[in-house]
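The form predicted alone is given below as one chain in structure tokens.
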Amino acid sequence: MEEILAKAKKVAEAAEVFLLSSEETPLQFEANRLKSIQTKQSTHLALRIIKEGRLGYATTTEPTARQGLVESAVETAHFGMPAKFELPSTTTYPPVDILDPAVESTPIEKMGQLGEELIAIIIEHTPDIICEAMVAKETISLALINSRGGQASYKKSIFSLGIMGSLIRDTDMLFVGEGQSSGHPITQPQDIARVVLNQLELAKNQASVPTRELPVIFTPRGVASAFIPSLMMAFNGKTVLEGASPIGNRLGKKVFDQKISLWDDPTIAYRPHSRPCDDEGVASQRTPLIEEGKVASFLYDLQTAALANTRSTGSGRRGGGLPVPSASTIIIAPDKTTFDDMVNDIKEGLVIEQLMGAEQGNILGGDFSGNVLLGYKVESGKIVGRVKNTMVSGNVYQILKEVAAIGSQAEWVGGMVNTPPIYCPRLSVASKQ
């Protein structure tokens, strides 16, 4: 990296070398049995330069191709966008615990046992269910240096365990599932199985809902599938700069219900997307996005922050190209109402566990419309069965402008989102009887 930086400094005003390497071992289970075991290694080396005020960029998966990297970056700088930012100099990073050596040392045999045990618990409850499961361990190493003396490096671990089950009886198809990701090894498949068994129990009976507006409770998984995609796009600084965010000009103003507070925090220990700094060497921080219903901030990398006359929030992430703003770990603050109290409050309504196709609407505008992949009918304060052939539609900003309650118990969904259930007083529901 030092050699590449030295060569780049001779031909450019500023330069940055970025190196990302990973090793992942996933075990895939299909039709209730182990199907494949792989170990995948990857290396990503990137050079970003500022030459004559413009950005040049080159990347390779061959770390030995150093000279060609500098030449390619210089070539792209002729056509690159104007660079409005300055690379960070020497920075102090917050201590964030993200590496557990026990992940890397977990034997493949143990991983296989975890997957088999998880499937066995589900099959014992429902013998004719067909399960797909995944167990994976991964270690990621990042290093970067730049021409202003900035440098950063870290190594982190990720362990994942999840299962999806499908139960097909005649024309009826039921899909259930749950997964967890952590910086520690996941050693208790019973915790994941318990969630799936509860879904199967609630789905034993079938119920129908009328086509009209109904009160709806979104479980944590429902919140993640219905609301988070639109919100994260709206709070992305690049979307704001392009004038496409519906809340881009509402900074400091009340847009959501006062009960809602949401933030991005990559400094939480042992979460899959936590890190001491972003992919540009900017220190990680907790960034409030919604504070008691008010728009508090947006997520920026160096370039978008400079264009917006603000500072980076440490949200730069590389997906194989130049850094872009991206959320890391989304937290929605819990409140005081239990899930049972929410259900007890409903005379007739719906609990949504998972939507399918919700992102096919006008996601920028906050519109969503999706099939209820897994949801339950509520009658007189009790869950009475699973709904079929049911769709819901609405607008994220209209729904979250007035919520009946925020749950008291938050859960991790997919390793990236931590949210309680959210109780909405009305939502458009369409059911095909």
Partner chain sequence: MPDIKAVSRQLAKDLKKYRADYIEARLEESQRSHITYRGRELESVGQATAVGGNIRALVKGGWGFTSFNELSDLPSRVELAVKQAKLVGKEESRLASVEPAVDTVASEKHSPLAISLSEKKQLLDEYNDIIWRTPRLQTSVIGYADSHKKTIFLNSAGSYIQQQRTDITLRLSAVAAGDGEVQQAGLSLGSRGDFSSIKGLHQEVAEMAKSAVALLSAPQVKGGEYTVVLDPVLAGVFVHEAFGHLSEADFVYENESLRQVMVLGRKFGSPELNIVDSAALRGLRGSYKYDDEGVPANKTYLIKEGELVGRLHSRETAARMNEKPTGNARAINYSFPPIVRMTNTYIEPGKSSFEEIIADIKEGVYAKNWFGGTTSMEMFTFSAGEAYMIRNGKLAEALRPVVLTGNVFTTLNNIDAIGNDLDMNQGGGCGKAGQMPLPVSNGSPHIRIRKCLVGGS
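Numbering follows the first chain given and starts at 1. Since we're looking at a predicted model, the values are computed, not measured.
The form predicted in complex with the partner chain exists for this protein as well; it is not shown, and the discussion that follows is about that form.
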Go through 155-163, 79-87, 342-350, 222-230 and give me the stretch that gets within 4.5 Å of the partner chain in the predicted bound form, heavy atoms only.
-> 79-87
Looking in the predicted bound form, is the partner chain within 4.5 Å of a heavy atom from each of Thr239, Glu242 and Lys388?
-> yes
Tell me, yes or no, whether Gly53 is in contact with the partner chain in the predicted bound form, where a contact means a heavy atom of each within 4.5 Å.
-> no
Contact between Phe175 and the partner chain in the predicted bound form at 4.5 Å, heavy atoms?
-> yes
Does the partner chain get within 4.5 angstroms of any non-hydrogen atom of Lys382 in the predicted bound form?
-> no
Is Ser72 close to the partner chain in the predicted bound form, meaning a heavy atom pair under 4.5 Å apart or at it?
-> yes
Which residues, if any, of 321-344 lie within 4.5 Å of the partner chain in the predicted bound form when only heavy atoms count?
-> Leu322
